[in-house]
Each structure stands twice: as C-alpha cells, then as structure tokens.
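The data below hold one chain only, encoded as structure tokens and taken in the form predicted alone.
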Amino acid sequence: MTETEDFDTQTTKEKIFTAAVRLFAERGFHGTSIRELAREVGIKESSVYNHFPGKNAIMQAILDYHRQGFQTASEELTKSDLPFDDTTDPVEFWMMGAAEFLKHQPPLSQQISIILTNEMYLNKQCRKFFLDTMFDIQKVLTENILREMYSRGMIIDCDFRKTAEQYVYFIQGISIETNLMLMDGKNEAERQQHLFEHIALFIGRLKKQ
C-alpha cells in the first residue's frame, strides 16, 4: 500500500490505514473500535469492512507496511554511492548510515514504532512480528554492516553475529525509552540526539586503535 502525507488525497482504504495508525498509537489496538475508526475517517462503520475484514487485518497491514519500510531503508544502505563511503571513522560511518536509514523510513514509521512498543506484550500479531521477523532482519543487517566495517579496517575483529545480537537488544531498549520520551512531550530532535549519543558509545568501543 502506498501512503501519502496528504490525507485529503488518499483513497478510502489509505485513509482507514492512516487513521488506524494514528488511533492505535494514541489509544492502543484494544482501545480503538471499528466504529471510532470509521468516525475518524468520516465513513460508515460497514464501509471499513469493505476494505479490511477487521482490526486484525488492519494491524497486519500496518506490520507489513513497517517491514517493507525497514527492508527498503536497509537496501538503500547497500548502494555504492552513499555520501559516507569515504569516511574511515567507524562512529561517523555508523551515524551517517543511521541518519541515511532514518531518511528512507516511510512517513508513518515513527507512529508504528510507538504502536509496537505499546502492543508487543498484548497483541499476538505484534509479538510474532518481533520474534519471527524484525529481530532477525535487524540482526542480519547489523552483522553485514559490522563485517563491512571490519573489511575496511575500521573496527576490531569480534564475534560479528553475537555483537550484532547485542546491538539489536541494546537498540530495542533505547528505542523504547526514546519512544516514551516522544510520547511524554520531548521533540524529535531531542529523541534522536539521545539515541545517537548511545549508538556512538556502543560503536566507539569497537573502534580499531
């Protein structure tokens, strides 16, 4: 599904999807009814079912959207003409790569990240998404980047797989904290600064002396 930032130009299905992301992030999956969703979009409740058979189908569409966005952003990092390819500092390389990754995330990713933070212990779909999909994708991507950095002489030799696992576990924890900061009124710049500071500390420990 292609989402646009202008709600007025979206199809009815896209409007339902966008409204669901917003409401699930604000009220939770179980705290949002199909009736409320229809009211938010300005359509009849029965019209929602013309596009999605129920809330679980909407949640699955959200998870598919998030997975595709993550994969697309990951693929961008494999291009050979990225602006940080010439740097030799591992922290700078990683931070510029992280910024490039975030730049290619689709517009609803931040709200979906909040949904996942809220729902991973309550919603079976979200739990399965984390355990069977996101963790594995993140670990593979991180391991590949670490191996590339080692081949460039940036970082020390290490157990790349285990280090990637440690990074993913670390980044999940700090992401939960920064999402809570955002929900508590912190702005996006503060959130990203907090996130990047801790990433720099993690990668800095791998730097080749």
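These numbers were taken from a predicted model, which means no experiment stands behind them. Residue numbers here begin at 1 and follow the sequence given. Basically, rigid core = biggest C-alpha set you can superpose within 1.5 Å across the two forms.
Although not depicted, the form predicted together with another copy of the chain is the subject of the following passage.
Undergrad: Contact check in the predicted complex: Glu75, Ala98 and Ser109 versus another copy of the chain, with a cutoff of 4.5 Å between any heavy atoms. Do all three pass?
TA: Zero of three within 4.5 Å in the predicted complex.
Undergrad: Of these, 39-47, 147-155, 66-74, 173-181, which stretch puts a heavy atom within 4.5 angstroms of another copy of the chain in the predicted complex?
TA: Within 4.5 Å of the partner lies stretch 173-181.
Undergrad: Could you tell me if Lys162 has a non-hydrogen atom within 4.5 Å of another copy of the chain in the predicted complex?
TA: Residue-level check for Lys162: yes, a contact with another copy of the chain.
Undergrad: Find out whether any non-hydrogen atom of Val91 is located within 4.5 angstroms of another copy of the chain in the predicted complex, and reply yes or no.
TA: Judged by the heavy-atom cut-off of 4.5 Å, Val91 is well away from another copy of the chain in the predicted complex.
Undergrad: Is Asn56 one of the residues lying within 4.5 Å of another copy of the chain in the predicted complex, judged by heavy atom distances?
TA: No, no contact at 4.5 Å.
Undergrad: Please determine whether Lys124 contacts another copy of the chain in the predicted complex, using a 4.5 Å cut-off between heavy atoms.
TA: Although another copy of the chain is absent here, Lys124 would touch it in the predicted complex, with heavy atoms inside 4.5 Å.
Undergrad: Even though the chain is shown alone, can you say which residues of 111-145 have a heavy atom within 4.5 Å of another copy of the chain in the predicted complex?
TA: Contacting residues: Ile114, Thr117, Asn118, Met120, Tyr121, Leu122, Lys124, Arg127, Phe130, Leu131, Phe135, Lys139.
Undergrad: Taking the rigid core as reference, does Cys126 move its C-alpha 2 Å or further between the shown form and the other one?
TA: Comparing forms between the shown form and the other one, the Cys126 CA shifts at least 2 Å.
Undergrad: Tell me, please, whether between the shown form and the other one the C-alpha of Lys15 is shifted by 2 Å or more, with the rigid core used for superposition.
TA: No, Lys15 moves less than 2 Å.
Undergrad: After superposition on the rigid core, does the Cα atom of Gln138 shift by at least 2 Å between the shown form and the other one?
TA: Shift at Gln138: below 2 Å after core fit.
Undergrad: If the C-alpha spacing of Ala98 and Asp132 moves by 3 Å or more in the predicted complex, is that a move closer or farther apart?
TA: Relative to this form, closer in the predicted complex.
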